[in-house]
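Just one chain follows, in the form predicted on its own, and it is written as structure tokens.
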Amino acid sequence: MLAVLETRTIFGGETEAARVIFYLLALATLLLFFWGIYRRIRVYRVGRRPAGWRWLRRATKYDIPDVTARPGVSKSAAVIAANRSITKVKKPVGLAHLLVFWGFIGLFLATSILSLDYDILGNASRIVTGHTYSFFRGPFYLGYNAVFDLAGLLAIIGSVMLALRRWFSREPQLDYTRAEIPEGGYSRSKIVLGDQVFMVGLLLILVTGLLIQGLRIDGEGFPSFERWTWLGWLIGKMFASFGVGAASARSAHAWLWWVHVGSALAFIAYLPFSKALHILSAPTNLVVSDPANIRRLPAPPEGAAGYATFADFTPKELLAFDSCTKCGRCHYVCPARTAGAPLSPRDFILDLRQWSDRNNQIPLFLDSEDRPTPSGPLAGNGPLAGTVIKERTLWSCTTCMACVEICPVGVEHVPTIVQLRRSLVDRGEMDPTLQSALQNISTQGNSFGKSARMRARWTKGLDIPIPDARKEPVEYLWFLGDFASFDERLVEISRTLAKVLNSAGVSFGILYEDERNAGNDVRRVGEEGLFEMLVESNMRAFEKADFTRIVTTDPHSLNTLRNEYPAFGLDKEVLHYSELLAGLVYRGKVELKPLGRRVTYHDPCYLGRYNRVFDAPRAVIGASGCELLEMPRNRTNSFCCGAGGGRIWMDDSFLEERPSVNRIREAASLGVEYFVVACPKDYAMFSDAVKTAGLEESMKVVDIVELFSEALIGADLVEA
């Protein structure tokens, strides 16, 4: 008896003409695919190389404690492999995507192995030796089928999960309605159809691949070794149970094979011109994404004030446009969009992508928006900021970083928004209230327009001296910021913190009239020149002082001092006051009594998302003996108060509901009496919000140091 050869015939049942047609189609597909990819890369190459464009050189370094560090290739690869950027918010979606991701990688490997054996080894051996060699047989063949049948099944399960969600879910992030409605209207029916084509195409490739496998096994009479092809065996048995005999199976296999091959080739050719491009661009963008770009904003293009033309964008930004999957997560969490402002981070990126593709003559099949009259991404001539992206859209951003935090593919919306704002500032196109605040900062060093000599007026009436760090050495230089120095609602909190630090024996001092606005929000408004002037002024003040480290009450000041001032020569450690207070408790420098209150805590954007300070404020609350009830949106998912990015200086009367009011209503649902903050701007915003929401009788906004002060034992403190 002859031994059965454990393998299968490639192109089994197909004629020689069919093979020739297949290879011609495959060649045409690859040419179209690489032409499309080349067109994309050519666009990226037009982009501006910023100073320090050496991400590949830095990509091998990653220091976990440094939140500004680039993740690096190895860490990014781990994130991509585990789909952690997708799973972190929507676990079922992440699981489905993980199945599709690894399922298709498995099927790609299966196809590559088959091509290696048949097209390369087989042809090479026949040319060299006159005999055809193959490793696609025996144990390798059996294991190959067992493993890659599993890959196919996983890909189908994941694709079905994603398709059902896309087709039947009513989640708001899947709604393509724009936040800013063009005057002439718009249609995104092509985008919706493109999503359907993408999902149906994937399923068609996967399902036909398994069906032809079952038909082949049925047509071959179910060889016993094909049991290793377990999924195909089961499908073949299903066909046989329906009365599909061997001859019919072979006939059906012949035409269904072309459906499968045609679908796969069409998908490959379609990929560079569709949503499917994210299969390649998204992992690449995750590798080159850099958190430091948010915390430490890039400078404007050399010789320009912000972005005005296509050539101003960096290759990384252009790649990010192609990486967007339109998942809508950024759209859903954006506080501006939630409040009714005309900003959606998703729409922002899609508009820029369509504008870029139109300018570079790259067709986007079923992945573009239509408008009856040219406007936005379809506009003709006109400034980028103001024509393609409306001024009111750009000014709506609070720079809270929620969009960047939640994006599963590493798109960095905020730096691009700021670059476009810079061009608006250069043209003087801004709110009158914002212009007034910037003028005050330019002339007086603070947004309140008060004389610099009044910056330390809050110290009057204290029964303790506040050292002048310019005249005597101190351990901590206390950088208060504008609101803690000038806002009448906050000066008493500044006095309370001074008393707490004095009682705990902390060596601290201030700069008095030499302190200027740190410039964090000035820079994010887009006034780069004024930001640099403020840095220079504050750096001169720092040079006059003798101190070891800086502590600040303001998370916005914390961010720029910690992450941006080092580029200008600052080499001191910068702490938030909650970190200092938590350290006092941890080291046993103070003793606190339990207050026994039910409170909730708001994570400031610039303290939490930007600088990852989450535990210190909670440690202070816990040490004060308060029961902390977390709001549903907390830590990295915290909701913005609406003050960041200079919004605190702009008119917000057009909003349907201010973000601060939205947040207060969320806190009220917990039934707490105290809303704890750790940011002067938060205190101002939420103090107004409780009144707007009609909750001033049931909820009180308190600063974290007020709890600390009240719980402090053995200190002669006034009641906060």
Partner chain sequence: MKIVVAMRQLADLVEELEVNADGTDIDRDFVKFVSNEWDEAALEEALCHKDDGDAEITVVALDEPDVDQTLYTALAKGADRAVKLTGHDPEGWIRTGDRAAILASWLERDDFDLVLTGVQAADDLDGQLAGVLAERLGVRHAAVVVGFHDADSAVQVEQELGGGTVAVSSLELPAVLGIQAARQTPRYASITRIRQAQQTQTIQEVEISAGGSLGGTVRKISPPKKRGGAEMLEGSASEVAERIAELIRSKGLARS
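Numbering follows the first chain given and starts at 1. Not measured: the values here are computed from a predicted model.
The same protein also exists as the form predicted together with its partner chain; that form is not shown, yet it is the one meant from here on.
In plain terms, the part of the chain that comes close to its partner chain in the model of the complex, with a heavy atom within 4.5 Å, is 533 to 541 out of 400 to 408, 197 to 205, 533 to 541, 619 to 627. Although the partner is absent here, Cys324 sits far enough away that none of its heavy atoms falls within 4.5 Å of its partner chain in the model of the complex. Contact check for Lys471: no non-hydrogen atom falls within 4.5 Å of its partner chain in the model of the complex. Although the partner is absent here, Asn611 lies well away from its partner chain in the model of the complex, with no heavy atom inside 4.5 Å. Its partner chain in the model of the complex comes within 4.5 Å of no heavy atom belonging to Arg358. Residue Asp426 is the only one of Asp290, Asp312, Asp426, Glu564 with a heavy atom lying within 4.5 Å of its partner chain in the model of the complex. In terms of contact with its partner chain in the model of the complex, the residue from Leu107, Ala269, Ala276, Leu438 that brings a heavy atom within 4.5 Å is Leu438. For the stretch 431 to 466, the set of residues having any non-hydrogen atom within 4.5 angstroms of its partner chain in the model of the complex comprises Gln435, Leu438, Gln439, Ser442, Thr443, Gln444, Gly449, Lys450, Ser451, Arg453, Met454, Arg457, in sequence order.
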